[in-house]
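Here you get one chain, nothing else, as structure tokens; it is the form predicted on its own.
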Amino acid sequence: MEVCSSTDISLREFGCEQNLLSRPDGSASFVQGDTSVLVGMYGPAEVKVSKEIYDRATLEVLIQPKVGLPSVRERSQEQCVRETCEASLLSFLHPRSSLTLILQVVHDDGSLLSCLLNAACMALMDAGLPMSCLFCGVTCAINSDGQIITDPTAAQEKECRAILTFAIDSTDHKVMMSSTQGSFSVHELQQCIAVCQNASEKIFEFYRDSVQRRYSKTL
């Protein structure tokens, strides 16, 4: 699908640091513009009998807001992150075990769900868990003029009539998960998917550069 000429495929600057926490099996800090998330990955570990699944690992995702207690918004984000991780993890290699992903929101300046997804992927990589593919999150918004804005800030999100976040896989650039709010047409949805698929290439390139820089220092 062709991307509309009025679409601005621009992403804010990324920043990532892996293995910065000592206690988790994998950890990462991911920054998109002024949006920042810290992640700790624990497992595979022993699982409670009530949560045990005989043929695969049990994945639990917990999101802690910057202030206060988790609300309905965090529960919805937890489901999106969990479903995306379950789709990429080869959890059948660790049956009857527990995987716990804890995400702490450090600062939210828009496109939070996509930042959570990117941070989760980097933490899974740091933990060395087997995955069928990598994934990334891309958020786009549609303003009142019908223009699609990628990686919007919090101020831009308030002015837009629709916000869409997609999880894209690294192999075929297919949509693994979608989260939408607001009103939009089917054509606008298809346009947003195409825009996010194109934008995901920049994020996967950042993944490669980030991991290459890390391991080039250790070799």
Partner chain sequence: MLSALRDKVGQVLLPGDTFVCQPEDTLSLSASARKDTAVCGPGLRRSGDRVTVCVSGLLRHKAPNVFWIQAHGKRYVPAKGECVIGIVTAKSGDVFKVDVGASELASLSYLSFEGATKRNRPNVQVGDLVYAQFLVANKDMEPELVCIDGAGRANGMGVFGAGGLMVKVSLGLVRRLLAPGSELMADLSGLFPSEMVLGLNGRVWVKSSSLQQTLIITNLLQSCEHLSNEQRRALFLKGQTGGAVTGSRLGLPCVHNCGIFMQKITEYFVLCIGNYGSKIGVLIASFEISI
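This is a predicted model, so every value here is computed, not measured. Residue numbers count along the first chain shown, from 1.
Below, we turn to the form predicted together with the partner chain, even though it does not appear here.
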(message) Within 4.5 Å, heavy atoms only, which of Ser76, Ser97, Gln104, Asn143 is in contact with the partner chain in the model of the complex?
(response) Ser97
(request) Have a look at 184 to 192, 150 to 158, 66 to 74, 167 to 175 and name the one stretch with heavy atoms inside 4.5 Å of the partner chain in the model of the complex. (result) 167 to 175
(message) in the model of the complex, does Met125 come within 4.5 Å of the partner chain, counting heavy atoms only?
(response) yes
(message) Check Asn19 for me: does it contact the partner chain in the model of the complex (non-hydrogen atoms, 4.5 angstroms)?
(response) yes
(message) Is Leu112 near the partner chain? Define near as a heavy atom within 4.5 Å, in the model of the complex.
(response) no
(message) Does any part of Asp25 reach within 4.5 Å of the partner chain in the model of the complex? Heavy atoms only, please.
(response) yes
(message) Where, within 46 to 66, is there a heavy atom within 4.5 Å of the partner chain in the model of the complex? Residue list please.
(response) Glu46
